[in-house]
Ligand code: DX5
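A single chain, nothing else alongside it, follows as structure tokens in the form predicted on its own.
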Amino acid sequence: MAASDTAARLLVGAPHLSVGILTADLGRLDDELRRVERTGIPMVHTDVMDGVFCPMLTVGTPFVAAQRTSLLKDVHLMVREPLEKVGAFVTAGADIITFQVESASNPHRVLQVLGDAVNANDPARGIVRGVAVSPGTPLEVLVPLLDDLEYVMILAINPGWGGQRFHPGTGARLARVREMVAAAGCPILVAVDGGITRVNIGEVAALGPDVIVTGSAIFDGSSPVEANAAYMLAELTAGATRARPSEG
């Protein structure tokens, strides 16, 4: 299955949640992954920060490789100059690799390398190639890249700083990316990441993304993972249903 086929398959079932694993109990990683698998959520999201492109320092390839799961491994690279780093994440078993467009001096070359990569989990399937865009970055940077990617992630917060709220301009940016994707005529997933909570997930889903990334709302420690996931999925579905009349 080619990467574009994987993206098309996800588009058919959209919207989806991608669960940020760094907010889980990492001392019980296998157990936490099994819990997510039981919810029907298809993806697990790993934020990789290098302390250079953004101030925080998180995890690297060993952590991605340690995720023994049937879930799609959705890796978000917030690292300086990802070109020489993406190969190691492919080897570690990433299925979806998204990098910050601001972090790469030659983003098109990064996408070319990912397009030639062999998926370590299933050689018949490629790597879903993604580009993430921070709130202050003009969306026009995506135009020359759309023919060579399958995933666009709109950040609703600035990468690497905690405690930020969902940026109110995100809805307009998502709508603009939708227009760009439609014009390109490619099976491109559009995702939103940052500031997603139990309170606002329905509103975010009503904006019409294909994927919503959320972490602490699933692994909040106050309720079982399965119960939190069921709540978030119900809100996701309700919000997406509200969005459909405006799409026609």
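When you see a residue number, it is the position in the sequence shown, counting from 1. Only a predicted model underlies this, so the values are computations on that prediction, with no experimental measurement involved.
Keep in mind that the form predicted in complex with this ligand is missing from the display, and what follows is about it.
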**OP:** Tell me, out of Ile157, Ala92, Ala117, Leu145, which residue has a non-hydrogen atom within 4.5 angstroms of this ligand in the model of the complex.
**Re:** Ile157
Original post:
Using a 4.5 Å cut on heavy atoms, which of Gly60, Gly195, Pro42, Gly202 is close to this ligand in the model of the complex?
Top reply: Gly195
Original post:
Every residue in Met49, His76 and Ser216 with a non-hydrogen atom within 4.5 Å of this ligand in the model of the complex?
Top reply: yes
Original post:
Of 33 to 41, 65 to 73, 206 to 214, 182 to 190, which is the one stretch near this ligand in the model of the complex, taking non-hydrogen atoms within 4.5 angstroms as near?
Top reply: 206 to 214
